[in-house]
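Only one chain is shown below, in structure tokens, and it's the form predicted on its own.
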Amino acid sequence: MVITAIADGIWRGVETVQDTVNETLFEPVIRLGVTGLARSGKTVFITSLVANLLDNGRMPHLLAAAEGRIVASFLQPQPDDTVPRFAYETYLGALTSKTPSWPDSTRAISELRVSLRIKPNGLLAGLQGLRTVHLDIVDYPGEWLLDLALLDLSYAQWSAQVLERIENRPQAAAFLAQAQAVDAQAKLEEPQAQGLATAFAAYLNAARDAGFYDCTPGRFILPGDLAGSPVLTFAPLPATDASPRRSLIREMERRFEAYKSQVVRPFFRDHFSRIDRQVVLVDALGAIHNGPQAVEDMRGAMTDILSTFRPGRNAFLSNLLRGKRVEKILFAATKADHLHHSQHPQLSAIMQALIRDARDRAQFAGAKTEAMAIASLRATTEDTVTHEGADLDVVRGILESTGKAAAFYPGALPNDPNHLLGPARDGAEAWLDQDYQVMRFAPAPLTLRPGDGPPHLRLDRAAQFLIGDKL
């Protein structure tokens, strides 16, 4: 087993060196990881980004597009034959049909390659020919990313953290009652273990629906073909003085370790460790609507996310010697079109404040990080209405629930982010001076001119930060 593991590691190292040499000396490849916390619009982001790279008329802040240096862009087969292809055409069709609808969320990893033919710039541009840059977009659930933090925890540590975190959450009441009623040192009874795992998975799904973000292990929510397998049949239990062989708690510990080794580590090894640019999408408005506890939980989740990356700068020799490192990380607050543009600076400032601590550590290691407010697909228009004798900045759109047009004002975000983050850190149960609302809008019917991609807000700025330096 040891010899096999060593040989496998050496072979993977050789493959990594070969890939790095090919990408550096011939056609550069940017591997962009795209993930999102719950209901952040990951599928729409990728679909709109690809559409706006293929037809870049709405990308003025992507400098290569603004300067006319993107001569051609086209889709190609992705290099990873074992990874499902991102269903770009299906999702774009849903967004651009006569009766548009939001596409279904992706529930597993997928990939898409966009190739760009670029005119060089600089003093020697006239002496150089066109070059090709490949953008490999790797789409994966945010819950999988949060799972990486489990690699540094033992079963006892993980159980203690989870049980402490959820003890006052109403969504966890049924599971906690079941966990406290069992004798963890008794002999394993498989129906009992399955009952605990089922109750824990039910809690995780309910917590995610309530706006919490620390919903790990992620495969409990998105099990795929692992549903019902022993590797997903465990749950946190209170610590005991002893863990006899073949006892319930000993088997829970074994399955937790199997989850790390057979599910989490292969994802890190085969996909995550090869990413050099990353965007994390966040529904910050939804968290604010759900209250201070959801905001604090989101802040903790983003800190955990940044701790899983290997931030730093990808120099040629460092690629060869120790593998790729994440050079740039973008945290994007999505659905900015649900706010009038006059409040976008406040939303961006809130995102900056949420990632401040973790961002400082990443930048110290050499990575560049950014936070901004975007809308991958603009679904609203802006207006100003008179309400109780005062002008009120609103957005107008089609309500997803009724199909009717409506004007919406969510509430005024504070100019100082600490007015939100302070109560969140202090454990407040509700906002004292404001009630922030959320409305779900349907995508608006589109009429696109030739050369234009779907309308958006700051998607071009996001693309410039993530890949502009490579173009």
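The numbering used is simple: start at 1 and walk along the sequence shown. Note that this is a predicted model, so its numbers are computed, not measured.
Keep in mind that the form predicted in complex with a small molecule is missing from the display, and what follows is about it.
Item to check | Listed range touching the small molecule, judged in the model of the complex by heavy atoms within 4.5 Å, from 373 to 381, 260 to 268, 110 to 118, 74 to 82 | outcome: After filtering at 4.5 Å, what remains is 373 to 381.
Item to check | Complete contact of 51, 69 and 452 with the small molecule in the model of the complex (any heavy atom, 4.5 Å) | outcome: Negative, none of the three is within 4.5 Å.
Item to check | One residue of 59, 64, 38, 30 in contact with the small molecule, assessed in the model of the complex (non-hydrogen atom, 4.5 angstroms) | outcome: If I apply the 4.5 Å criterion carefully, the residue I get is 38.
Checklist entry - If you check 194, 308, 247, 105 against the small molecule in the model of the complex, which one has a heavy atom within 4.5 Å? => result Selected residue: 105.
Checklist entry - At the 4.5 Å heavy atom threshold, is residue 338 in contact with the small molecule in the model of the complex? => result Yes, residue 338 lies within 4.5 Å of the small molecule in the model of the complex.
Next on the checklist: Since only the chain is shown here, I'm wondering whether residue 44 would be in contact with the small molecule in the model of the complex (any heavy atom pair within 4.5 Å).
Outcome noted: Looking in the model of the complex, residue contacts with the small molecule include residue 44, since a heavy atom lies within 4.5 Å.
Next on the checklist: Check residue 440 for me: does it contact the small molecule in the model of the complex (non-hydrogen atoms, 4.5 angstroms)?
Outcome noted: Yes, contact at 4.5 Å.
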